[in-house]
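The data below hold one chain only, encoded as structure tokens and taken in the form predicted alone.
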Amino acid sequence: MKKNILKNNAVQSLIASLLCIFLGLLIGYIVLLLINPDGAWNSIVEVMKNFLHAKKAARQLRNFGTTLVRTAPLLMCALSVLFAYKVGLFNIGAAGQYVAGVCASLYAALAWGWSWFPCLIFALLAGALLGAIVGLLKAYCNVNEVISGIMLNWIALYLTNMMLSKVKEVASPYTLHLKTTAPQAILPSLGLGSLFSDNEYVTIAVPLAIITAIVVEVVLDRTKFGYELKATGNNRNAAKYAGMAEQRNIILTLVIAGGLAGIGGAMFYLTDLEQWSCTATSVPGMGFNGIAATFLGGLNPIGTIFASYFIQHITDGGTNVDLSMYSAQISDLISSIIIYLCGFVLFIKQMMNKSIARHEEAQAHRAKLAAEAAGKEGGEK
């Protein structure tokens, strides 16, 4: 019974994820000890506490809501990476597609005065367009999606800076506030904010991201369409022989993945929690963190929900580290170490399977020797 449980994919994913989290926290703690041992324990505890750092319950609830707001776009980026990976593609371009979604949604809201729903659709289309470019290059020119994705990340960033500089504040590099310039573009709360101590930034983005994860799970594992996509990813030649349109499936996969990341960008910036800086010189980490969330969640859409929250939890918790003992970058360092370790989930699962296989082989060998010994003893009698 124990052996069967350990061979279960979901159990393996859970064990591997927990082990990666533990190792990440342990290494982070060791780093803190080396820098300043006096505040190491308190700092690592603060990282894990996150919103519990606040003294009052109302403030804790409000901070918890803010973490959920940041989790929604991270989950969408993770689903983007996961969807492509399930089809045999590595969508590292999710970061650029996320940025394209930010650009489309904010420009439509601030320059054209669109409401929130068409802004979401426009963001989805912008992300899908970048995904389509990667897909076309992959399907017809055999250009590796990682190379084209990385290049488009930077193209998207600088185009976004150029476009949004037309709707920024006069005295700062940040875009105009939606609340004062385009309140109709802010995502509706539908009363969700009241559940988190009247946190105005908690919107429908949170439940919408969770529903999207469930839809992705159903599409990939319960539909003919999902089966064809995964078959194409596993073996393009076999899929073509079976009558599947392999080139169309590759393009369609990256279009959907791009759309997921694009709408993730709109889900965050249409809350008005943050403004885009038109002097940004690096691609936001949301898309790259989505890669870690995908693997930490065991390449399962439902597991990715919890993995995305955990990564955002420790990222927000890192801001509570005592800056009188450590530099401001220490929180990012700790979060990065833990996120980096999240990428070893599949490796740990592979090692577990090898260990189980060796154990079963040894058991079978012992059973064979015991049977031979019993047969020999019976023959002598």
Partner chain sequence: MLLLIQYTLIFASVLILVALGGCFSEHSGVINLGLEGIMVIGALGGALMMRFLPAGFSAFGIVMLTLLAAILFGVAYSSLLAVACINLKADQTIVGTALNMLGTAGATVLVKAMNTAANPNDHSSEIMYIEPKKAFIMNIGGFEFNWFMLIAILMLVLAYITLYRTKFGLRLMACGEHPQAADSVGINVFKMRWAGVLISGMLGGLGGICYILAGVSSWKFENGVAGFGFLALAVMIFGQWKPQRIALAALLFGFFRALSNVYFGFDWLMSLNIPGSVYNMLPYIISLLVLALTSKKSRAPKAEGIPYDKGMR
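Residue numbers count along the first chain shown, from 1. All values reported here derive from a predicted model rather than from experimental measurement. Just so we're on the same page, rigid core means the largest C-alpha set that superposes within 1.5 Å between forms.
Not on display, but discussed next: the form predicted together with the partner chain.
Of the candidate stretches 100 to 108, 213 to 221, 280 to 288, 195 to 203, only 280 to 288 has residues whose heavy atoms lie within 4.5 Å of the partner chain in the predicted bound form.
For the chain shown alone, residue 57 is not a contact residue for the partner chain in the predicted bound form, no non-hydrogen atom being within 4.5 angstroms. By the criterion of a heavy atom within 4.5 Å, residue 332 is counted among the residues contacting the partner chain in the predicted bound form. In the predicted bound form, no heavy atom of residue 116 sits within 4.5 Å of the partner chain. Contact annotation for residue 339: at least one heavy atom lies within 4.5 Å of the partner chain in the predicted bound form. With the partner removed from view, the residue among 225, 241, 158, 112 that has a non-hydrogen atom within 4.5 Å of the partner chain in the predicted bound form turns out to be 158.
The single contact residue among 137, 252, 121, 231, judged by any heavy atom lying within 4.5 Å of the partner chain in the predicted bound form, is 137. Contact with the partner chain in the predicted bound form holds for all three of 141, 148 and 347, each having a heavy atom within 4.5 Å.
In the predicted bound form, the residues of 55 to 93 lying within 4.5 Å of the partner chain by at least one heavy atom are, in order, 85, 90, 92. Residue 62: CA moves less than 2 Å between this form and the one not shown after rigid-core fitting. Residue 52 shows a C-alpha shift below 2 Å between this form and the one not shown [criterion: core-superposed Cα displacement of 2 Å]. With the core held fixed between this form and the one not shown, residue 338 has its Cα displaced by at least 2 Å.
Compared with the form shown here, the Cα atoms of residue 291 and residue 335 sit 3 Å or more closer together in the predicted bound form. Distance between the C-alpha atoms of residue 317 and residue 344: longer in the predicted bound form than here (change of 3 Å or more).
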